[in-house]
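One chain follows as C-alpha cells, the form predicted on its own.
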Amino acid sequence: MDVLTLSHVSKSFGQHRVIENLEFCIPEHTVYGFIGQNGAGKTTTMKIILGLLRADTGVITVNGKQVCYGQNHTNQFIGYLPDVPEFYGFLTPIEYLELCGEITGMEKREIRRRSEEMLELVGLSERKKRVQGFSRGMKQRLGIAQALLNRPKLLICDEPTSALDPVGRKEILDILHTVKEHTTVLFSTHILSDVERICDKIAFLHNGKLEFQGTLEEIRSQRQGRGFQIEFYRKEDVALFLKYFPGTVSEGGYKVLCERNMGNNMQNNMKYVEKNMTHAMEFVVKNNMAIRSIEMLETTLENLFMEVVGQ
C-alpha cells in the first residue's frame, strides 16, 4: 500500500512556479529521500502535504485520504519534524512529550508509556535536564521522538541532518533507518551521502520539477557510463596517452580519467563509454604500454546531482 501519493501537483507564488506537475508515491515502510538544492521546492511540497499551503493543481492522499488545505484530518497519520524544531525550553524531555500527548488526545497511561519508549529509541531516556540546555543534535532527536509519539503512518523530516556534526548526523540517520519498521519516512536533504546510506527510494527535485525517481540501483542502471580510469606504470605512457586522447584528464601520478561527455544522450552513455574504452585499449596494446589497472567508473549520486543542475 502507498502511504503517500502526489498526482499532478503544482504551486506558484505570483509569477514564480515553485512546483510543477509533481507525481510520486511512497510505499509503506520505505525511507524516501527527497533531494534538491536549496530553493528547489522541497519544503513547499512538504507544507502542501501537511495542508499548510494550498496547491494550485493536483491531488495528494495520505493513507488513502485526500489532503485538503486548512483542514487537518489527514495529519492524524503524519508526524512532522521541521528543519529547526522549537521547544518549551523550561521543560524536560519527558515533560515535553507528555504535553504533546495530552494535546493530541492520547490516554494518560499510554502517554507515559509511549513517551518513555520514544526517549529510549532516540537515546534521551537518561536526560533529565531541561531542553534549553540541549545541543542541536539532541533537539533533533527529541523532535523525532515527538513526531513518532502517536504512531504516525508517515514521518516527514525537513533536512533533519543539516547543521549537525558527523556524530549527530549518524545518530539521526540510524534512528530514521530503525523506525521504518513501524512507519514510512519522507525526508528532504541536499546531503547526498545521507541519502545513499539509508534511502530505499529517492526523488530528485530541480527547479520545481521531478528529474528522476526510483531506487539507487534503478537510477544508476538507467544512467550508466560515467567513464573509465586507467593507471599506468610509466609516466611517458601517461603523456603519450593524454596527447592522443585530448578528452582525457590526468589525475596526477600515473592515473588518467576518461569521462563521458555530459552532453551525450543518456541512452547512449554505455555505448559511448564502451566505444572509447575499446579504442583506448587498442591504443595501449599497439604502443606496448604497461597498465596497472583499468576500471569502469560507477555513476554516483553526486555525479547525477551535478549533471542535473548543470555543473
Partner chain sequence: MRAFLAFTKKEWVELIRTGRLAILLVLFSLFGIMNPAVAKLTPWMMEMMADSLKETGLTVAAVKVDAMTSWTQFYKNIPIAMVIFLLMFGGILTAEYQKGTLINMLTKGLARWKVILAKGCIMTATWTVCYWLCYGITYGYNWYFWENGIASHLGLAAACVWILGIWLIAVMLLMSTVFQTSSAVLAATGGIALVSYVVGLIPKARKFLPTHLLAASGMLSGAGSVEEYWCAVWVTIGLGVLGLLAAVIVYNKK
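These numbers were taken from a predicted model, which means no experiment stands behind them. Residue numbers count along the first chain shown, from 1.
This protein has a second form, the form predicted together with its partner chain, left out of what is shown; the following refers to that one.
Think of it this way: in the predicted bound form, its partner chain has a heavy atom of just one of Q229, N75, S162, S125 within 4.5 Å, and the residue is N75. Checking L52, V284, L257, M277 against its partner chain in the predicted bound form, a heavy atom within 4.5 Å turns up for just one residue: L52.
Only one listed stretch (174 to 182, 67 to 75, 117 to 125, 204 to 212) carries heavy atoms within 4.5 Å of its partner chain in the predicted bound form, and that stretch is 67 to 75. Remark: M106 counts among the residues lining its partner chain in the predicted bound form, judged by a heavy atom distance of 4.5 Å or less. Within 4.5 Å of some heavy atom of its partner chain in the predicted bound form lies at least one heavy atom of L91. Contact check for D194: every heavy atom lies farther than 4.5 Å from its partner chain in the predicted bound form. In the predicted bound form, its partner chain stays beyond 4.5 Å of every heavy atom belonging to F134.
The candidate spot formed by D2, F24 and T61 lies out of contact with its partner chain in the predicted bound form, as no residue has a heavy atom within 4.5 Å of it.
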